[in-house]
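Below you'll find only one chain, the form predicted alone, shown as structure tokens.
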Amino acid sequence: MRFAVNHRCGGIGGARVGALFAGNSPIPVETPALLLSTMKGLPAFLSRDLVANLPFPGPHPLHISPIDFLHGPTPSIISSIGGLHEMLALQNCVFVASARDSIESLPESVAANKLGASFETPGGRRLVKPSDYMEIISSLKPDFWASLADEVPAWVSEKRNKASVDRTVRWLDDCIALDKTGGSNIFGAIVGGASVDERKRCATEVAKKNVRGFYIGGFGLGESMEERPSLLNTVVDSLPEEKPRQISGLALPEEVLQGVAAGIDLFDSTYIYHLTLGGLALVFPLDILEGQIFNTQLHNFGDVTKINLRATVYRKDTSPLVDNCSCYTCQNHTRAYINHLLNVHEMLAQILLEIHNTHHYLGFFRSIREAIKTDKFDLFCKKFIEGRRAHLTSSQPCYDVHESPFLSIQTN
């Protein structure tokens, strides 16, 4: 695995565009990039051929949780097949592994102990030791992976938070020692909850280790939008510039912009999955810098970023989800058809929605990269937030926009 920073917006620190070379592909993954959330290797409603046709420059990066594979084929069987690339026939994709998965494998801080991290899974609560974790990693053969972390929510005590940092650093040493490749593809996990001091201590310790990148965990677990920028900046300022940074728990467009502004390169999130499951389609403009504006006339009960296709207003709507969208869904089907599929509980609705939502969110990341390359990321953020602000003030006159959680993005 190789990583290079190609452009920084505003000098050292902050938003940046990079190239991540991983797997067998000579074409890099351009960052900032979205890691598509999967359920045991594939997105919930996308087949292998649909993944291969996604509009992504270079290989498709897919996020997997090794914990999901505790239920199914044994590590020895997966290893004998040749790992996840061979088992799923996705040789050209980049698999990125980290234990946390907000769909099926939720971190459970109360049940974790000094021996291992605890996770709530469909098969019950599981305690995973570093040795168990490394056995699964060795069998799956991901292109790169994060060390086992003790992720805790923002409201835990100072003592518990400190213990999570100590355990995570110790487990990183264990993972490196157990790794047959000597840690050549490992991302060191960084935790620390909502404590700036513990975040800095963990980042400083992990940065000393022999790792290829960094996994920033513990976000999206109770911290506020207002306190997040200082936590992110504390971590990033303690890390070397030349290594990639992955984060979990930042899903909404506003949260992604916060992460990019802090210098995050890779985002694994279940946002697309939850939108699709709820019958929602992303519709916010992508060419904001070219003058596209938010459509404040959307019938969506107070949100201009997405529409609810279950609503009766779309029953006779023969327009595509988004005008001029090049995805398969928008080119071939209407809002009325997807509304019908949802009402009759046909799974094709989720397939078509996930195709569009994935296409649209990948386009959002592409727009972010272009804004950074042209040194207009600050302007991009400003226009995106102003579009949200204009809608909030027009639809909710009593709402104080200065208290909006969407307005706390801090760019450098």
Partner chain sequence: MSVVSLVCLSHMGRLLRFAWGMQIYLGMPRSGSIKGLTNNQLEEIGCQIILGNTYHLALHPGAELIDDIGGLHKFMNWKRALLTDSGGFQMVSLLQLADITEEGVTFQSPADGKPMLLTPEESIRIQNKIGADIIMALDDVVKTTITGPRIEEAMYRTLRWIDRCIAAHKRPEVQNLFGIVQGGLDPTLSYAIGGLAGGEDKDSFWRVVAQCTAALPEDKPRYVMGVGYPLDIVVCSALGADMYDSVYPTRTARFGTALVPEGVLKLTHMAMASDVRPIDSTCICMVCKNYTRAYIHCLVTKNAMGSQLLSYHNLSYMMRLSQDLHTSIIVGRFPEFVQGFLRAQFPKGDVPAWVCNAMEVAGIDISSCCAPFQSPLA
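Positions refer to the first chain, counted from 1. Just so it is clear, the model here is predicted, and its values are computed rather than measured.
If you look for the form predicted in complex with its partner chain, you will not find it shown, but the lines that follow are about it.
- Figure note: of the listed segments 189 to 197, 213 to 221, 175 to 183, 86 to 94, the one touching its partner chain in the predicted bound form, with heavy atoms no more than 4.5 Å away, is 86 to 94.
- No member of the trio 21, 291 and 381 reaches its partner chain in the predicted bound form with any non-hydrogen atom inside 4.5 Å.
- Although the partner is absent from this view, residue 373 stays clear of its partner chain in the predicted bound form, with no non-hydrogen atom inside 4.5 angstroms.
- In the predicted bound form, residue 306 stays away from its partner chain, with no heavy atom inside 4.5 Å.
- For residue 332, a non-hydrogen atom is located within 4.5 Å of its partner chain in the predicted bound form, even though that partner is not displayed.
- For residue 316, a non-hydrogen atom is located within 4.5 Å of its partner chain in the predicted bound form, even though that partner is not displayed.
- Screening 204, 131, 113, 80 for any heavy atom within 4.5 Å of its partner chain in the predicted bound form leaves a single hit, 80.
- Proximity to its partner chain in the predicted bound form, defined as a heavy atom within 4.5 Å, holds among 325, 251, 341, 280 only for 341.
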